[in-house]
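First come two forms of one protein chain, each written alone as structure tokens, so that there is a structure 1 and a structure 2.
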Structure 1
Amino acid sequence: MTSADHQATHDVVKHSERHEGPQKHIIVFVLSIVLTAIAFAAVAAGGVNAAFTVLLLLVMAVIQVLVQMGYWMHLKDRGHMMPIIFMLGGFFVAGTAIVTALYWVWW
């Protein structure tokens, strides 16, 4: 095999790898639907311990957001170091604002 051939096969392999199909994204979509359905169902069912419901809802939301940002917004891909740092920074400051609103606004 000449090096040019090798290069060509390599390209083809890389090509098919990079042109990922829709499967992954459909899985993410289905997962999102399921997580959303669980959240809605937990609230609609009622009667369950309220604190548990709140926790469940938040966990469902966070998982859904992480999966969507990782796959749909490609944050899990290589070369996304800076985006991840800056999104974490944003979420961190947003988090402090939310904690403040919950604990330090009313007394």
Structure 2
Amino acid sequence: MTSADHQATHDVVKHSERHEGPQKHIIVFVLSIVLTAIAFAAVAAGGVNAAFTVLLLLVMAVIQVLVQMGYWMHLKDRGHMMPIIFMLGGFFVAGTAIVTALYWVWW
């Protein structure tokens, strides 16, 4: 293959996605640190209402999970539908087990 053939082939191939590079990973890492710091500060403050602190921790945890799964586990990319389906199935089974256990104990 000559360099002219290689250039012609390269011109025909369209790259649909570019590599993200480290800048998104750095932004997501800083976001994770900020979310952790907010949660830590809410607990360390002590004078904050307990119900508000629990709600804030749950919201921060959900955001943190979505960020971790989306960017560090690359579930936002194409071709990752099966792991997402299996995780949702696991959440359904775990939720069913918890509800069943609570129903069994309280009835």
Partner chain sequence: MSATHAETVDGKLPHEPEKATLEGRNKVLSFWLFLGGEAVLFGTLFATFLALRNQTNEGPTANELFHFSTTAYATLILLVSSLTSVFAVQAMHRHKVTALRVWLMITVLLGLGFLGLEIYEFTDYVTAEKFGMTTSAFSSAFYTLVGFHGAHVAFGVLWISILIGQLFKKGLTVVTAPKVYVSAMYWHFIDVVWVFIFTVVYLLGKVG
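We call the rigid core whatever largest set of C-alpha positions still superposes within 1.5 Å between the two forms. Counting starts at 1 and follows the sequence of structure 1. Since the model is a prediction, treat every value here as computed from it, not as a measurement.
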*Name the structure that matches the description of the form predicted in complex with its partner chain.*
1
*Could you tell me whether the Cα atom of F92 shifts by at least 2 Å between structures 1 and 2 after core superposition?*
yes
*Using the rigid core as the frame, report the C-alpha movement of A101 between structures 1 and 2, one decimal, in Å.*
7.0
